[in-house]
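Take a look at this single chain, the form predicted on its own, given in structure tokens.
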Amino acid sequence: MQTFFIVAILILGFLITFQIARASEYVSVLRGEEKSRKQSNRINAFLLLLFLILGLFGVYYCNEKLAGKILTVSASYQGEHIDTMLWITTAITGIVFFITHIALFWFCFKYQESDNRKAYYYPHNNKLEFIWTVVPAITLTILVGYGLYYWFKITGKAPKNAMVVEVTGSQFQWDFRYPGFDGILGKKYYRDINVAANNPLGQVWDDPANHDDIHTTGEMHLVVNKPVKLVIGSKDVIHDVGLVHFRMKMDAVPGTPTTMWFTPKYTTAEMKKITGNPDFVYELSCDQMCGKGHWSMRGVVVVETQEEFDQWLIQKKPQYYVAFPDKDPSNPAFKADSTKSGNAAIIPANSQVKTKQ
């Protein structure tokens, strides 16, 4: 119902403006062009003043209604600095915006055409031009420098204790890869990509580091209060890893890995309490138009404790065993072969991952 009234008001405003314009045309015919122009100027001046008042009220109303509802608190420690930078930028530009636009619309009303006032020609002032050129330049330089400082922080070297997660975008899904107990992601080669052979990321199986890597799709698991380094890439077109709740964003470019790191601050369960939304989830969106299915390219980020993460990871089977089930220690065929060969020591498929944790 509220939306209906807003639309009705907008339509009514358009009709009123249209009828005023039509009336102005008729007046110009009956009274003459000069009188019509002066009347049109008075009407425009009044409408501009009305637009200023309604616009300021609209800004206040939207801020009151939507404050805290569009975006939650930052869910990462790095995101807090991004929020601070955003608020500083908004405060500076907001002050300039209100001063200039209030002056703009007020001047249009106050200094409308009048027979009792003559326009003053003021073509040039070096001092004013110097001020409004230098001051914005210095301000913008500080803001850009502030932004670059934090940009290099989150794209620079991650802490030594950071966990590593590889994020790969493709039309239209997200794939995630976790290193095994060795802490090293195995090599990949795009020519080795073969979904039918259970190798969707093109892992090079000759590289031993690949034999314990875990592959998942659609859902990324992270540990609260533990730095995470994302190694980001793409299999087809340019995508973009958008982590709005963590205030992070990075392009996924084919053939050119990009990286960023951050530290999750709240678990998913904690954010449900903070937001008061029992259905809350951290979202991983694609922030780069990547095709007709772009809208559906959405992933879920689960932030949990170290114990919960360990329990989740140990249940996952390394992709190497998915591609080669005959080499999986938990496979009955592998156990039979090991018994025949005299090797009775069977190691569970996920024991390496468990050892790492």
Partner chain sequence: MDAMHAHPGVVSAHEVFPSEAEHHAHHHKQSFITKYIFSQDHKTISKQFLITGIIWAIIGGLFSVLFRLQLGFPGQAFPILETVFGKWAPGGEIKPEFYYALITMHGTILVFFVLTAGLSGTFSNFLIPLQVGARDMASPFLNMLSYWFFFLASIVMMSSLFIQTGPAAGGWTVYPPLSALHEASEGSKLGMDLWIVSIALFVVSILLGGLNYVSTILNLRTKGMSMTRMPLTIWAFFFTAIMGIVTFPVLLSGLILLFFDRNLGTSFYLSDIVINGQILPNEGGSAILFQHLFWFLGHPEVYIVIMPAMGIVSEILSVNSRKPIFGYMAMVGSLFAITILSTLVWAHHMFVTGMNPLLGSIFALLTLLIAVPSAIKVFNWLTTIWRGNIRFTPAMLFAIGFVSLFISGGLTGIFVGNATLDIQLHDTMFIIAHFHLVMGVAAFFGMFAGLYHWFPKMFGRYMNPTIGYIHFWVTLIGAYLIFWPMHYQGLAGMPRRYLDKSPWVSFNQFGELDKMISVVTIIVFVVQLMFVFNFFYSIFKGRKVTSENPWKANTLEWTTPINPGHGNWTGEIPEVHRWAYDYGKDGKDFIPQTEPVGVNEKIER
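Residue numbers count along the first chain shown, from 1. Note that the structure is predicted; figures quoted are calculated from it, not measured.
Just so you know, the form predicted in complex with the partner chain exists too; it's not on screen, but the next bit is about it.
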(request) Kindly confirm or deny that G147, L284 and G291 each have some heavy atom within 4.5 angstroms of the partner chain in the predicted complex. (result) yes
(request) Tell me the stretch among 123-131, 218-226, 265-273, 179-187 that has any heavy atom within 4.5 angstroms of the partner chain in the predicted complex. (result) 123-131
(message) Counting any non-hydrogen atom inside 4.5 Å, which residue from L104, V73, A197, V204 sits next to the partner chain in the predicted complex?
(response) L104
(message) Going by heavy atom distances of 4.5 angstroms or less, which of M85, V164, A158, A209 would be at the interface with the partner chain in the predicted complex?
(response) M85
(request) Answer yes if any heavy atom of R298 is within 4.5 Å of a heavy atom of the partner chain in the predicted complex; otherwise answer no. (result) yes
(request) Verify the contact flag for I53: yes if a non-hydrogen atom of it lies within 4.5 Å of a non-hydrogen atom of the partner chain in the predicted complex, no if not. (result) no
(request) Give a yes or no for C62: in the predicted complex, does one of its heavy atoms lie within 4.5 Å of a heavy atom belonging to the partner chain? (result) yes
(request) Would you please decide whether K327 lies within 4.5 angstroms of the partner chain in the predicted complex, comparing each non-hydrogen atom pair? (result) no
(request) For the heavy atom contacts within 4.5 Å of the partner chain in the predicted complex, list the residues of 238-264 involved, in sequence order. (result) I238, D240, V244, H245, R247, M248, K249, M250, D251, V253, P254, G255, T258
